[in-house]
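Shown next as structure tokens: one chain only, the form predicted on its own.
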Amino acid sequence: MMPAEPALPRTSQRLRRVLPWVLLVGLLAVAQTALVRLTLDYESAREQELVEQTATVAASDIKQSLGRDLQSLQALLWNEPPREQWLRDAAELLRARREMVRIERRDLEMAIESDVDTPYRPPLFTQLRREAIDIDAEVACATATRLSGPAYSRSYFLPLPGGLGVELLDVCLPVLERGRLAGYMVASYALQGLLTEAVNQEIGQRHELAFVEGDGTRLARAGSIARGRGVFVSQRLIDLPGMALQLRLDSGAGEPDLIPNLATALVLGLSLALSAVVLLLVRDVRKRAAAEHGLAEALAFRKAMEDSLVTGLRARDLEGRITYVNPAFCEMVGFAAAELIGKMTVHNPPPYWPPELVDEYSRRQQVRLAGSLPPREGYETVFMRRNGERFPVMVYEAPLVDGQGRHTGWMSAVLDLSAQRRAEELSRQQHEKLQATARLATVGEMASLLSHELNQPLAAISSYATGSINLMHAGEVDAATQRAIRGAIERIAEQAERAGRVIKSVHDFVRRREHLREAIRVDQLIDAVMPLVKLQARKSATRIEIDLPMPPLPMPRVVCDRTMVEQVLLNLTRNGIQAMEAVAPEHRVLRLQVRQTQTRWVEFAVVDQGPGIADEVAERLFTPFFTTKSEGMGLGLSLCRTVVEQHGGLLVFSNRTPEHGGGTEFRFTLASEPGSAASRRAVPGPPARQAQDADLH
């Protein structure tokens, strides 16, 4: 067996379980952030690309517009038209080209021969004369002369009345007559008008167009928006003969918004949805983890419960194949679970089936698996251990139902009856030993009773015989002496008969047979024992007092074995007389009292005036063979209690207080004759034992 892997601390297990989720959430956050950033960058790049394309289109439009203007200007010089014709054509051109604000004809000295202003604005050179800012036009014309073609000047600012001004651009075309340079034609453009007229209006509605210098100074601007946001900007150089214009296009769009952008919104929406899915997944995983934890706890609890069971458990499928056994079952039969699972019937029987019973067990299993027998009804059978030992078992089976309520097999609880059988055998042996011991005890008890109870009549016979012999040896036997001797002989005969009854009663008592009980008055019981009591009392000078109900009260009657009860009375009176041997003769009084205390019970009391019973003696007073007399056998009181209890009564004793005369009082009860006069007069009361206890306390 491989050593078990040491269990990780609880904190490490929690970190190991939480770490993948932390990494997943972190990666998800990084991925979502990067995706949003890339989406915003893509949107920005797409917007910038759109601005670049728009700037290219705008620059192309401006260049094409300037090209068309050059063609129109050159058309003014076609076939060297007269001055009036040129003026009309120039005015017509200015009405068609709103960006063009002035057209001039100059001679070789740059002096203005003719000029036409645009009809769309007041004349430009009213505040400042044209000749004052002619330097740029002269440079352009010099360049045009050198290039033998049109050339553009640098832009320049022309102040206007009211503090305003306009940025102008001149283009100079050389005028040839018969192949020789005859002068120049200069056209002026308003840069803002050029932007407004040359560029598509749709571009101007969404962008700010401006001509700027190299240092960023804006020369002119156009566009319907108030000002570009400076986020998406594109610049293009418009290369013209003699100079270059720098066109700057500023988009009205700002930074891409996070939400209004559709792609970003989709990404964010998907990210939020993914986050929600992850949260739901985390919640589901937590529920699953809690369920798995609960299931693991339940399985551990069930396994601990199954391991602690001493009852074997066995599960079988519908075909009778063993699918599960618990450790108690394996320990019971001595086979491992792997040796049992999968075993089935005759051709593959379980190893715990005795070989000689395989056929019978297979038939029984078929009947049981057919479901014809009621469930949970146990049956006793015999299994076999690994060492071949057969042992009895009790099997209880019930249907095995899965979570969907389908019957999938049978579950059996197997109880090993070996210990029970051994206990029953041991109990039987012990019972036989107890019976043998009881018989021996009965024999000993019978012998003790015989020896004890025969002592009384034999002693009386001996006394009467001795007295008779003494009378006969005293001298002449007269009539009185003969009567005395005859009386003594009659007493001897009575005591001999009494000895016979004692033997028979003791024999019946030891054999636990039904005693020969009779109903008798209590005074007759007292009278029967009084001769022997008085004989013993006379020796010790003890006075006997009899306390019986006097007429008209009825005399109580009891149902008893007369001989045994007489022996009880004789034993108690003898003990009382012996207890008063050390007492002064005048105080030696023994009182016998009988009362019908209850409807069912008659109480007898024997009261002496002795010193009482010490506490250490009282604890063992009724113990057999316990005695304080040197010649005693210790059986008298124990036999008296046995006789009284055999009659259903109770024998108790108590020491009387000095105020009540001292001494000891023995009291016992006997069943009264039902329907007797004394019984009818008595009041109902508690059972004998409770009544005795109440009186004693």
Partner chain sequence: MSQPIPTVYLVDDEDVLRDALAWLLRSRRLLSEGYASAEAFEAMLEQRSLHGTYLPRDPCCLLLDVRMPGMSGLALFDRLIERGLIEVMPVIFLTGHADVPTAVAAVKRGAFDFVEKPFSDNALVDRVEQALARSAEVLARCQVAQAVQRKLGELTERERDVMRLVIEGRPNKLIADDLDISVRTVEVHRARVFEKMDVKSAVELANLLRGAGLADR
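Positions refer to the first chain, counted from 1. Since the structure is predicted, the reported quantities are computational estimates derived from the model, not experimental observations.
In what follows, reference is made to the form predicted in complex with the partner chain, a form of this protein that is not presented.
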4.5 Å heavy atom contact, Y361 and the partner chain in the predicted bound form:
no
Is the gap between N571 and the partner chain in the predicted bound form 4.5 Å or less for some heavy atom pair?
no
Do Y464 and the partner chain come within 4.5 Å of each other in the predicted bound form, heavy atoms counted?
yes
Using the partner position in the predicted bound form, report whether M384 sits within 4.5 Å of the partner chain, counting heavy atoms only.
no
Honest question, do N455, A488 and R498 all end up within 4.5 Å of the partner chain in the predicted bound form by heavy atom distance?
yes
Residues in which of 528 to 536, 470 to 478, 153 to 161, 280 to 288 have heavy atoms within 4.5 Å of the partner chain in the predicted bound form?
470 to 478
The listed residue (L191, A460, V139, V589) that reaches within 4.5 Å of the partner chain in the predicted bound form by any heavy atom is A460
Which one of I112, L295, A96, A484 is close to the partner chain in the predicted bound form, taking close to mean a heavy atom within 4.5 Å?
A484
